[in-house]
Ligand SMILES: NC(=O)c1ccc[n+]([C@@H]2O[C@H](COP(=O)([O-])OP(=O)(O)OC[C@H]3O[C@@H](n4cnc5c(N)ncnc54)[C@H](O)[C@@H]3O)[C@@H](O)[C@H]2O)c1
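Just the one chain here, laid out as structure tokens, in the form predicted alone.
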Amino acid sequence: MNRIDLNGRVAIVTGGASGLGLAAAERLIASGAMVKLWDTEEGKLSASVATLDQGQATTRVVDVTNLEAVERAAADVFERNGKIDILVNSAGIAGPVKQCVDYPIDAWHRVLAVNLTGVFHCCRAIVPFMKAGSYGRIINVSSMAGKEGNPDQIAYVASKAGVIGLTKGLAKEVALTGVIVNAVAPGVFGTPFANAVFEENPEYVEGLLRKIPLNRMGRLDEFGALVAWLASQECSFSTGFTYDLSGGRASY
């Protein structure tokens, strides 16, 4: 593993209890960052942090759909550390696999609240702290679904496309402040998040896998590696962009 230097950096990772969020946290810590894992599942957070470097990782139960909770948590990180350098917005839910005309209204609102509004809340709360330090790296987790428009996942698709738009707009807003904003669009990865969809809809997932030229799912360490570079000072002339991580499936 080539070392990306994140020594002394303070990072927040939402959805950090498992899957892509935990993979990002592991790689950031391996690169020297101090990581604050936020998630709604206290039990999973406790289990996950036990596997990480105890001197570099702390946890907090935070619901990203609750702006006041996000603001309190962000202010606490800043007060304790004097800065916030990195934000990885990885919290997300899949929602049901249903056609638009049958999609449950409550599920629509919930998926948008977590996947898109949650990203907005975290950026809204944390960008001022980054601007105060004239430095920041924000990595928003989108999805290939947000680029290609998978059928039968209308809320998930809309939320992840929204993350791409938010990333582009915010990047332009803060371009002269030292804050860099990018997104990652993963394809199919073997995460607990994806596995739940796989179990319920195996034929649907087989169709997704057939689109991947490398003929496999992504590995969590591959996701962590990209996030670590995007979170580093080396990523200095790329902002507002969405990086495909799709095994060659790619889009626009």
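What you are looking at is a predicted structure, and each value in this text was computed from that prediction instead of being measured. The first residue of the sequence shown is number 1, and the count goes up from there.
Although it is not shown, the form predicted in complex with the named molecule is what the next lines describe.
None of the heavy atoms of residue 53 is located within 4.5 Å of the named molecule in the predicted bound form.
In the predicted bound form, the named molecule stays beyond 4.5 Å of every heavy atom belonging to residue 59. The shortest heavy atom separation between residue 114 and the named molecule in the predicted bound form is within 4.5 Å. Although the partner is absent here, residue 188 is a contact residue: one of its heavy atoms lies within 4.5 angstroms of the named molecule in the predicted bound form. None of 129 to 137, 89 to 97, 172 to 180, 76 to 84 except one has non-hydrogen atoms within 4.5 angstroms of the named molecule in the predicted bound form; the exception is 89 to 97. Each of 41, 63 and 110 places at least one heavy atom within 4.5 Å of the named molecule in the predicted bound form. Contacts between stretch 3 to 20 and the named molecule, counted in the predicted bound form as any heavy atom lying within 4.5 Å, involve 15, 17, 18, 19, 20, listed in sequence order.
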